[in-house]
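One chain follows as structure tokens, the form predicted alone.
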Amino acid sequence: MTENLLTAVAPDGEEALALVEASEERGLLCTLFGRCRVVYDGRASSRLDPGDRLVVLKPDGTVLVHTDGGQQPVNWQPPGCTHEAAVEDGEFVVRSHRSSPSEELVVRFERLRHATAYDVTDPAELALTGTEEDLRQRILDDPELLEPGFEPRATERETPAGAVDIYGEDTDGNVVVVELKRRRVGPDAVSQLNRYVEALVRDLHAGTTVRGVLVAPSVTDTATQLLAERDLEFVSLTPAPDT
């Protein structure tokens, strides 16, 4: 064991508390695996009954709760949150607080199987390919990738709801609002596009038709349903041409 690598197999509450506190002091990333319950209260609320889960505490305040399925955590807190650990009634408890908006995520471990803290400082910068800017440029270079006759008129056009990625017109003279996403998207992207459309409907001349088009490699089933409900459209397109 080194100063920046701490590990404990089947730790009791006090051992786990000491490890988490040490990881906080040294700015280490901490992982906890065991049987736990999870409670979230904030803008909404959720409960997870006891189950085996992996909890990740990052030095920047991020908290991730992972199960055995999927790439996304089932619960999480963003950077900037504060962690507090304690032993309560024989259980090891981790609390994550966020002040604005007010949120709290509480993880109660009935049994810990493993706890580890690492120094994962990484000074390298991530080199990205296939960005949203690449996707934008594909459409500007070849507008018919969106649809025949589409004419881009502006990029980053401001609306009361934010900046539209691409603003243009179709062959019938209707306004077309294009929202670009480089990855598979869900309902949040649909809601964002809908806000732009509604803002422009209010902002432009009465009677102007405003179409909203979401451009991404793919969308979830829930997003597809929401697109239909809000009379919005989807075009499947990747940031770079398929090779």
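Residue indices: 1-based, along the sequence shown. All values derive from a computational prediction rather than experimental measurement.
There is another form of this protein, the form predicted together with the DNA, and it is not shown here; the text below is about that form.
Sole residue of G173, G90, P79, P148 within 4.5 Å of the DNA in the model of the complex, by heavy atom: It is P79.
Position in contact with the DNA when the complex is considered in the model of the complex, options R195, R26, R202, R37, heavy atoms within 4.5 Å: When the DNA is considered in the model of the complex, the option within 4.5 Å is R195.
4.5 Å heavy atom contact, Q137 to the DNA in the model of the complex: Answer no; every heavy atom of Q137 is more than 4.5 Å from the DNA in the model of the complex.
K181, heavy atom within 4.5 angstroms of the DNA in the model of the complex: Within the cut-off, so yes.
Contact test in the model of the complex: E169 vs the DNA, heavy atoms, 4.5 Å: Residue-level check for E169: no, no contact with the DNA.
Partner proximity in the model of the complex: T121 to the DNA, non-hydrogen atom cutoff 4.5 Å: Contact check for T121: no, nothing within 4.5 Å of the DNA in the model of the complex.
Which of 187-195, 206-214, 48-56, 26-34 lines the interface with the DNA in the model of the complex (heavy atom within 4.5 Å): Going through the listed ranges, the match is 187-195.
Within 46-74, the residues that have a heavy atom no more than 4.5 Å from the DNA in the model of the complex: The stretch 46-74, when checked against the DNA in the model of the complex, contributes G70, Q71, Q72 at the 4.5 Å heavy-atom cut-off.
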